[in-house]
Structure formats: C-alpha cells, structure tokens
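So this first bit is one chain, no partners, the form predicted alone, shown in structure tokens.
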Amino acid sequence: MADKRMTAAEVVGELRDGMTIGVGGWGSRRKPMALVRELLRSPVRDLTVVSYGGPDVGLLCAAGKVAKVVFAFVSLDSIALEPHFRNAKQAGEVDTLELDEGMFLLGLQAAAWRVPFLPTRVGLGSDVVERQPEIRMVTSPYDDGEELAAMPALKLDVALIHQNRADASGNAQFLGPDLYFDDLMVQAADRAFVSCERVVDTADLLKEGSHHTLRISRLWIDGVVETPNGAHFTSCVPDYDRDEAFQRDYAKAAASPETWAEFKAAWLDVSEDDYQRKVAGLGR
C-alpha cells in the first residue's frame, strides 16, 4: 500500500483560488484545525466552503479567504452563534447557501453517489426553498406527480477532515461518539486529505476501536497528515475535549478589527510548531 503521509503545508500547496472546499467535523467538534490554520497562512482565497460549520468557517471568513459558505449551521456549540461568520455575513462579505441539516446531508450523499440531485420533502414550505433559487423543484415521474425539493449535489474539489487515528495509506478511524458524516465529505470530493492525532500501523487500528470506527477508506484519501492536537481548539474525544477558555478568547476577538488583529498576530501569524508550543504553555 502506498505511503500517503504529507505535511500540512504540502496539503495546502495542493489548493488553488476559487476551489470548493469541504471541511469535516461538526460545529466545534473534531475540526481539521491544523489544516485550516495552514490554509490561513497561505495566499489561497475566493473559496467556497462547505461545512457543518464551526470555527473553521469563522476563521476563514475573518481572514478574507471565503467567497461563499454552504452550511447547515455555523456554531461553536457552547457558544451558539459563530461570531466571526456572523460579522462576515452581516457585512455582506460572503455569499451563502443556507440549508437544513438533512438537505446538507443529501447534498453530500448525491455528490458521493455522483448523481446531480436527490429529491426530498425536507425544506418544503420554508424559506430554504422559497427564497433561495439555487434550490429547485422536481416533479415525481410516478403516478402521484408530487412536487419535491431537488437538493443539488454538493460537489467538492477537496475535502479536509480530522480523525483520531490513521495508517500511512489513508485508512482512518474515529474514536469519539460520532463520525459527523466525514465519510460522505471525502466521497463527495475529487481529492481528500485526512489529518490525525497519530499515524499507527494498520494492524493497530483495531486495537484502539472496533470495525465500526474504521469508516474512512484509503481508497478515498490522497494524503495523511499526522498532527497531534490537530483539532485544537475544537474537541477530539477521547484524546481531548474542547478548549473552552481558548474558544472564549477566540469569540471575543470578533468584537472589533483591533481585537481580531491582536488574536491573529498572537495565534495565527505563527508557525504551527509555535502555535502548539503556545497552546502547551497555557497550562489549562
């Protein structure tokens, strides 16, 4: 099996302006934050970001990297609304396609199955359908002729996800309570990259969890990045919980351009090694 290990910088070096990027995880849980931070340090911009959104969306919006966000929600979980995304949306700095969680799931599924859309009743009678022309209707070809929403495939150029463990060839494992649809995210993408807390031998994956935790296949993965603490400040259970104190500092940085610039200079305009050293020094 091929050795697909890469650095975060090498992954981001594969990205280009204007791409559609899917980011795995859910809210402020198991986000590929080391890859997101590396993207922040790059010149890449004008991205369409597709995400069950959390600080991945907020950081990229605050840094001016985003042209459009396709989302079911953008939340920090313990802080209900992601303030950096809210600032960008209210200022009209990003276009958006806002979806019901179920519609978002169907969009990923359609892309994974390589079909243009999936029909659904989800969203009918709501502004998700009525006020967003990207969501079109379709008539059932069967006798009932029912009008359904046609959820378009959420086709991705690249997917970025984070898992607890992986082997060098790209088989990856989650050990927490939920996969958060990362398997659909990578299947919906032309190329996919996984970061992980630790790269282990393939045989050791089943020592950490059962077969049902091995849901990311090497067949879908183009690169593996070993990044201990790589989901910080989001959670990566059971390896670590969300850093609530850091998240509060991050949220407060949305108060003004000055507070954002201060946070960015302290935590984002540094190398990943320096970032991790500073996190370790917090003593929390």
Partner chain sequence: MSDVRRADICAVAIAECFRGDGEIMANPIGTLPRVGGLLARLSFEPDLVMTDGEAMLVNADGVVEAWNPYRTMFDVVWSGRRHVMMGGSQLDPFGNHNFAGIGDMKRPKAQLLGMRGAPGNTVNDKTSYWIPNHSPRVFVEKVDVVSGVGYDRARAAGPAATRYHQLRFVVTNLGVLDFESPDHRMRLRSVHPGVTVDEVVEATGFDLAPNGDVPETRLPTNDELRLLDDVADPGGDRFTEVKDQ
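On a predicted model such as this, the values are computed, not experimentally measured, just so you know. Residue numbers count along the first chain shown, from 1.
The following text describes the form predicted together with its partner chain, which does not appear among the structures shown.
Enquirer: Within 4.5 Å of its partner chain in the predicted complex, counting heavy atoms only, one of 194 to 202, 152 to 160, 165 to 173, 124 to 132 shows up; tell me which.
Expert: In short, 124 to 132.
Enquirer: Residue 210 versus its partner chain, in the predicted complex: is there a non-hydrogen atom within 4.5 Å?
Expert: So residue 210 does not count as contacting its partner chain.
Enquirer: Please check if residue 232 has a heavy atom lying within 4.5 Å of any heavy atom of its partner chain in the predicted complex.
Expert: Answer no; every heavy atom of residue 232 is more than 4.5 Å from its partner chain in the predicted complex.
Enquirer: Taking its partner chain as it sits in the predicted complex, is residue 92 near enough to touch it, meaning that at least one heavy atom pair lies within 4.5 angstroms?
Expert: It does: once its partner chain is placed as it appears in the predicted complex, residue 92 has a heavy atom within 4.5 Å of it.
Enquirer: Should residue 97 be counted as a contact of its partner chain in the predicted complex, where contact means heavy atoms within 4.5 Å?
Expert: Residue 97: contacts its partner chain in the predicted complex.
Enquirer: Give, in sequence order, every residue of 60 to 78 that has a heavy atom within 4.5 Å of its partner chain in the predicted complex, or say none if there are no such residues.
Expert: Those in contact are 71, 72, 73, 74, 75.
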